[in-house]
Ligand code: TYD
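There is one chain below, alone, in structure tokens, taken in the form predicted on its own.
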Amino acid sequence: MFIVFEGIDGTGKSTQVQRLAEALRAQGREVITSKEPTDGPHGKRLRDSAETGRLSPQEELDLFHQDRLEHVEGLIKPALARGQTVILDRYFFSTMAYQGVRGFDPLEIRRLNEEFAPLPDLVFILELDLETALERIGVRDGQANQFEQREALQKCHEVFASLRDDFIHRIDAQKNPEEVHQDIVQHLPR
């Protein structure tokens, strides 16, 4: 099974990835967790740019694609082929949102990614109002990293809200983490 968590910064994706992984391991499943951008060289450059100043839109998009291609070929596909469950904190839906804000067509980003990146079985979009998200990520007086600016997060939220697929489930992330986890578990195949 391939599961992805998406949403703007501050929605609790990392927390829910870990909770779900623990729950599935308790059922005897082999679970691999990962994130995008990865810890590889392309992902490191992307994360560093959040603090040091964003790269050009095209360079950033290219790095996301390179990072994802390595991730898909080196971890995601092999783990799925071994019958393991893969749970990701972000995938190409985040690229659609965050690079869509920078002027790229989100649907074209998706099309290009689907040429090499497998579709998830489940995508959980954690939804949270912008003010709460900004509080959670510790934004004070507008001092956020380059990916966490208020206007950009609002536009990212709009891209996430536009996604419509049978495998996408929207989860109210305003609730406490255990309630959010229970909402997620209800969508897992029995």
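Residues carry their position along the shown sequence, with the first being 1. Being a predicted model, the structure only gives us computed values, none of them experimental.
Below, we refer to the form predicted in complex with this ligand, which is not included among the displayed structures.
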- Task: Please state whether every one of the three residues Arg110, Glu127 and Arg164 places a non-hydrogen atom within 4.5 angstroms of this ligand in the predicted bound form.
- Result: no
- Message: I'd like to know whether Gln99 contacts this ligand in the predicted bound form, with contact meaning heavy atoms within 4.5 angstroms.
- Response: yes
- Please check if Arg47 has a heavy atom lying within 4.5 Å of any heavy atom of this ligand in the predicted bound form. yes
- Item | Stretch 20-55: residues contacting this ligand in the predicted bound form, 4.5 Å heavy atom cut-off | Glu36, Pro37, Arg47
